[in-house]
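Below you'll find only one chain, the form predicted alone, shown as structure tokens.
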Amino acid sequence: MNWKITPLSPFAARVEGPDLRQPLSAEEVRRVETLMDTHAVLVFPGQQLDQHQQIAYAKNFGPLDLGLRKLTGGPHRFEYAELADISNVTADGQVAERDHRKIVGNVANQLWHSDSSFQRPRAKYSMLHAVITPSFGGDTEFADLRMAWDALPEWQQRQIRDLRALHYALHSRFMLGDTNYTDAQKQALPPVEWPLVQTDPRTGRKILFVGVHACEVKGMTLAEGRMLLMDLLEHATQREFVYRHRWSVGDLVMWDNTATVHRGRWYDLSERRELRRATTEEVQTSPEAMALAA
């Protein structure tokens, strides 16, 4: 395997050599997983993948997640429901108007989050492929939640070690004024509970598991809990923990949602921007792994 691995400050890595259009061997799948354990974000440049090839690559790493498709439904531009349409393009192929419902999703993506932290099983690996990029902007930033934990002072590590937070799919949408949901939609993905402090079952590293979907801390008043969550997210997304990716057409970026948060950056919403994302569900393989994560 003639792969060139180039570290990207402070934690991500660029991987050149593999052709992801071709099936991976078992050894290559293990190598990707090992690189993910170390870097949490991998950039594979120059990958001209069609939908079938992207789905085939993603399936190497576990069952695929539907995410918010479970909630929103509606028309879909892709052959696979498991491909998330990260674009400003409507189902009929037109750039969406500013008041289109889809634009809310584009804006919500600019908040720090982990994909599908609002469900169980949650997302593990996301694989986002750039098809069309705007002339300016639209970068994606990633923050390492392992580095964030390591940098917390000991008193704060003790303070939050046993706390648990509720994650809700619509919390960020409500924050942005997008409240036009039926009771059935609001209840389709009820809140799930995750520990604020987790241990990666593959590496043993501690993780500060925060993000915009976290809306409440068990055992704390709503106001105090939300302030704690905002403080922790501010800490976790300091510049020294962040890698910013500037997209080129053909890039496939893969990240670990259990070890990072990410957000999109501003771009002119009148310019066409199309990316496709496939995401795997987290698979807990043993009672010991379940205990470590929980």
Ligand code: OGA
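We number the residues from 1 along the sequence you see. Note that this is a predicted model, so its numbers are computed, not measured.
The form predicted in complex with N-oxalylglycine exists for this protein as well; it is not shown, and the discussion that follows is about that form.
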Checklist entry - Mind checking whether each of Arg146, Ile207 and Phe241 has a heavy atom within 4.5 Å of N-oxalylglycine in the predicted bound form? => result no
Checklist entry - Between the options Ile86, Leu170, Leu83, Ala130, which residue brings a heavy atom to within 4.5 Å of N-oxalylglycine in the predicted bound form? => result Ile86
Next on the checklist: Taking 4.5 angstroms as the heavy atom distance cut-off, pick the stretch from 27-35, 50-58, 259-267, 228-236 that is near N-oxalylglycine in the predicted bound form.
Outcome noted: 259-267
Checklist entry - Taking heavy atoms and a 4.5 Å cut-off, does Arg277 contact N-oxalylglycine in the predicted bound form? => result yes
Checklist entry - Taking 4.5 angstroms as the cut-off for heavy atoms, does Thr90 touch N-oxalylglycine in the predicted bound form? => result no
Checklist entry - Quick one: does Thr140 come within 4.5 Å of N-oxalylglycine in the predicted bound form, counting heavy atoms only? => result yes
Checklist entry - Is His113 one of the residues lying within 4.5 Å of N-oxalylglycine in the predicted bound form, judged by heavy atom distances? => result yes
